[in-house]
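One chain is shown next in structure tokens, namely the form predicted alone.
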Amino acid sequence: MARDLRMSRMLHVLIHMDRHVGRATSEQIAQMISTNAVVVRRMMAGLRERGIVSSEKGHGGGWQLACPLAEISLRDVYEAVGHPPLFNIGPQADPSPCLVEQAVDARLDATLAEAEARLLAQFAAITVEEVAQDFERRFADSGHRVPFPWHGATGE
């Protein structure tokens, strides 16, 4: 099963918007995350509905942050992109008359629910600003001159 990249892509976009570009069109964001503008608009709409970004149409328009990264948690972004599945494992989808399978499914359900609750609590405790600061530390340590090679620069 393929990984769901919506959350990581939107975190990437939010940090670039804050640190480098300010306002960006759907086409520019699509280039940044190697997808198409229709997909970007769909993902950004969830962020807009949560008050994380705003948009303006027309010449000079585009997407921009509606609040500081310090006010946005990873959980906020996770919820804005539609609550993608956190785990690729789980119990049988259809109920089974087999008592062994019922025991396995019950234990998996309980364990995964507990793990999900812990992960979501951790997401709520981490701000996008903290991730952006991690980027800044990595960039400073890397020796690169350009932090965003999607503009055509190599970063070296």
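Between two forms, the rigid core is defined as the largest C-alpha subset superposing within 1.5 Å. Just so it is clear, the model here is predicted, and its values are computed rather than measured. In this text, residue numbers run from 1 along the sequence as written.
The same protein also has a form predicted together with another copy of the chain, omitted here; what follows describes it.
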property: Listed range touching another copy of the chain, judged in the model of the complex by heavy atoms within 4.5 Å, from 22-30, 93-101, 59-67, 39-47; result: 93-101
property: Any non-hydrogen atom of residue 35 within 4.5 angstroms of another copy of the chain in the model of the complex; result: no
property: Partner proximity in the model of the complex: residue 111 to another copy of the chain, non-hydrogen atom cutoff 4.5 Å; result: yes
property: Close approach of residue 54 to another copy of the chain in the model of the complex, 4.5 Å, heavy atom; result: no
property: 4.5 Å heavy atom contact, residue 74 and another copy of the chain in the model of the complex; result: yes
property: Those residues of 48-72 which, in the model of the complex, come within 4.5 Å of another copy of the chain by heavy atom; result: none
property: Threshold 2 Å Cα movement between the shown form and the other one for residue 102, core superposed; result: yes
